[in-house]
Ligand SMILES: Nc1ncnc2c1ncn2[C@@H]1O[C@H](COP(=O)(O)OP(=O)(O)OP(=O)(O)O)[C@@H](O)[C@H]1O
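Only one chain is given next, in structure tokens, and it is the form predicted alone.
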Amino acid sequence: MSALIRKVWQSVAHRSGSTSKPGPNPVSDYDRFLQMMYIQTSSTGEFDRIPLDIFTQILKMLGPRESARLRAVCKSWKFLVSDNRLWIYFLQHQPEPWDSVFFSETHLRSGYPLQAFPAQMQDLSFMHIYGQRVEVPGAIIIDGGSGYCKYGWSKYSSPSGRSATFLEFGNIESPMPSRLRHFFSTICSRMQVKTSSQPIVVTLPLCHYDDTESAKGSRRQLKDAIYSTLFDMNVPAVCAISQATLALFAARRTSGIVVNVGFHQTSVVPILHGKVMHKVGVEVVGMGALKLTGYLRDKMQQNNIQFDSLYTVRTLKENLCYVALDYEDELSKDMQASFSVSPTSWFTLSKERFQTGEILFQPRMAGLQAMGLHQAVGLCMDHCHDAGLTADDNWYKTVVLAGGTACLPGLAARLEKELYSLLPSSLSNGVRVLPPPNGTDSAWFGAKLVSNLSTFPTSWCMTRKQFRQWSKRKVLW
């Protein structure tokens, strides 16, 4: 059957005339087919007898390119081939999850600032989107992180390498521009790519949280330094987005609260339509992954558990520790478990397994005078409610966890439980806490969604020319 349809296509292509040059070009051919959509063909002969469901199956077997070409046969086939359901099928059978594709194309394709009311499915041609996504150049993604940097190619399924963050890269006493240039040059060298070949998406670290003029100036200064450095390195286009915002995108949300358990501290970031709401207030808890690792080290020493390095302790934290839903109840249980860090190193932990994560909710256990994680999130929700930014209060009731330590089993369920106990029903009703959507690499995967958009890079990136024009306007202001 497919051979017969190919013959039909060849006959249609032959009827289009002999003005084209020898050696068909797929792109120019496709443009020519679009001009033939309204050819006056009253019948397609024997093909009129094919049931619609069988014809749909034939199209699926032929694949997207041949299906797109068959639009030129007649008006009825054009209608069937253009059906969104067929192209959703093709998108569903790509490596990237379909729900992520659908989210990004309906919520992110217009670029920043995001639309408050994203496009509905009936407003989009997924055949057109499919064709655009095939042509997207992709990008180099550099996610700075707070403990280490993740970098890789947006067309790959995961980051290809890791390094120190640019805030701690090389000589930390060097000026920021020289450190940034060294950092970006090293990453591109490791990836074996030329800086002039691809757009770069850079995640902005969570720092300078306040809404003060000083904090605003520091954020702008860092962003300007990143743009200036990359454009001086001949990068064709640059996109710099907050890590918290990208982690939210990875969870297929554009509004909510991101709880980023970083290396040194934990931030609670309210985001509305992709924008960090500094005016509402970003809450910061002075405790992160390093503090939890140090607490587990101290507990192991108290219990005479010998270890070689802090790396061993961190490995045990990542593989044995969890957060108890009810801490007091957990104390009465025997939760002993073992893990082998190396062939010759076997460790057994008991109560340390859940006591380590408990300091997020009871910081005094670690000697810290700070809010518990649930209290910081509750305070942020209270500020969001009082700000009255939209008529719908549900925008801040989705809490997305991010960061390596946020991957501790049980953390999402415990935080949700504590919020329901802490907040009045008017605020807690409908609250959902989501675990890190892509583990330690959530921000990287959020950048991947943006980098593979059908409208990338024009909708999200800034070019060298645009940056210079923007800089001139800023000086005039």
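Start at 1 with the first residue shown and count on from there. Fair warning: this is a prediction, and the values are worked out from it, not measured in the lab.
Although it is not shown, the form predicted together with the named molecule is what the next lines describe.
> My understanding is that the named molecule gets transferred in the predicted bound form by a local C-alpha superposition; in that placement, do 3 or more ligand atoms come within 2.4 Å of this form's backbone or C-beta, making it blocked, or is it open?
With the named molecule superposed from its pose in the predicted bound form, the site reads as blocked.
> Is there a non-hydrogen atom of F231 within 4.5 angstroms of a non-hydrogen atom of the named molecule in the predicted bound form?
No - in the predicted bound form, heavy atoms of F231 and the named molecule never come within 4.5 Å of each other.
> Are any of the heavy atoms in H383 no more than 4.5 Å from a heavy atom of the named molecule in the predicted bound form?
Looking in the predicted bound form, residue contacts with the named molecule do not include H383, since no heavy atom lies within 4.5 Å.
> Would S104 count as touching the named molecule in the predicted bound form under a 4.5 Å heavy atom rule?
S104: no, not in contact with the named molecule in the predicted bound form.
> Is D393 close to the named molecule in the predicted bound form, meaning a heavy atom pair under 4.5 Å apart or at it?
D393: no contact with the named molecule in the predicted bound form.
> Sort through G152, G145, P270, G378 and report the residue having a heavy atom within 4.5 Å of the named molecule in the predicted bound form.
Result of the distance check: G145.
> Among H93, K275, H264, K333, which has any heavy atom within 4.5 Å of the named molecule in the predicted bound form?
The residue from H93, K275, H264, K333 that makes the contact is H264.
> Heavy atoms within 4.5 Å of the named molecule in the predicted bound form: which stretch in 384-392, 182-190, 314-322, 71-79 meets that?
Within 4.5 Å of the partner lies stretch 314-322.
> So which residues in 358-397, when you check the named molecule in the predicted bound form, have a heavy atom no farther than 4.5 Å from it?
Residues within 4.5 Å: none in this stretch.
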